[in-house]
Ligand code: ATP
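Just one chain follows, in the form predicted on its own, and it is written as structure tokens.
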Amino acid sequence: MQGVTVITVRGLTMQFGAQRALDNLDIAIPPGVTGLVGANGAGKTTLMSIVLGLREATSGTVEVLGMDPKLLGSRIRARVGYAPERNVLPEDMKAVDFVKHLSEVRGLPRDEARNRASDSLWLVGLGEERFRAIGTMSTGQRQRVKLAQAIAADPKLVLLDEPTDGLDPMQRDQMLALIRQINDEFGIDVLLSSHLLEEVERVCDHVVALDAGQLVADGPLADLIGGNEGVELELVEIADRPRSIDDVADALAASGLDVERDGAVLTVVGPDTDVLADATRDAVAEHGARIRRLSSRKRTLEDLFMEQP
């Protein structure tokens, strides 16, 4: 909990009747791009609404850019951009008018708001379409409008709730590149809420992981998933040695390594890369097995969740 943070949460609890949506959270979100991950219902949107001062927590404290959302919610919302998950865009309104209006709501003068609206729509790839009614736009274009309005008023921080929802793979790649760009080039810190762990691994520096309202992890992505954890070994099934794959798996497990088998593919995990390599080589040679493919296996955020009791 040390160092510079854009959001600091201590002892945060949110109770809805008998349901505890957030359970005594302690979180420190640093500058950069932070992924807020967890399954649907994990508490991500609830946490965002408290950060924005739209909902008051049952207990605990929150500090956003040095301010308390309970006391200074309107000031925070003027300095923090927000793109909600739900499609709440006015369908009859032109994209540029919508972004301009929200920029004025956040305190920009009319002329500056108009210029910022146009600039932000160009940035997200909607320059040519900025005068179109939002209702005539595709899902991908609407998601870009949400991002444009979130960044138009030059916020210090933006909260993006499932910004790739409904996008095809190419649109998803483009959206993730834009999110990385607004931090790298414009210095806007990002809190990205997503249930898609692979997306978070691609663009985030830091991760906050929630599960049923409880904190699973909070730290730099590199520290949480580390480097190589093991190897993935695909063996060839040999007709005259039908048990060769079983024998290799058994030998690796007997040497103290964790082995998971999926058909002819063995995932082998151990504490030391050299020991892992030697044991794999020896087991394959001893039992006359043949290797089709051997590759390193990296730890992922999915592994982090799977390890939870």
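Everything numeric here is computed off the predicted structure, so don't read it as measured data. Note that residue numbering begins at 1 and tracks the sequence as displayed.
One more form of this protein, predicted in complex with the ligand, exists but is not displayed; see below.
Asker: Among 16, 43 and 162, does every residue place a heavy atom within 4.5 Å of the ligand in the predicted bound form?
Answerer: All three within 4.5 Å in the predicted bound form.
Asker: Could you tell me which of 32-40, 237-245, 272-280, 57-65 sits within 4.5 Å of the ligand in the predicted bound form, going by non-hydrogen atoms?
Answerer: Flagged stretch: 32-40.
Asker: Which of 218, 85, 199, 189 has a heavy atom within 4.5 Å of the ligand in the predicted bound form?
Answerer: Contact residue from the list: 85.
Asker: Spell out, yes or no, whether the shortest heavy atom distance between residue 21 and the ligand in the predicted bound form is within 4.5 Å.
Answerer: Heavy-atom contact with the ligand at 4.5 Å: present for residue 21.
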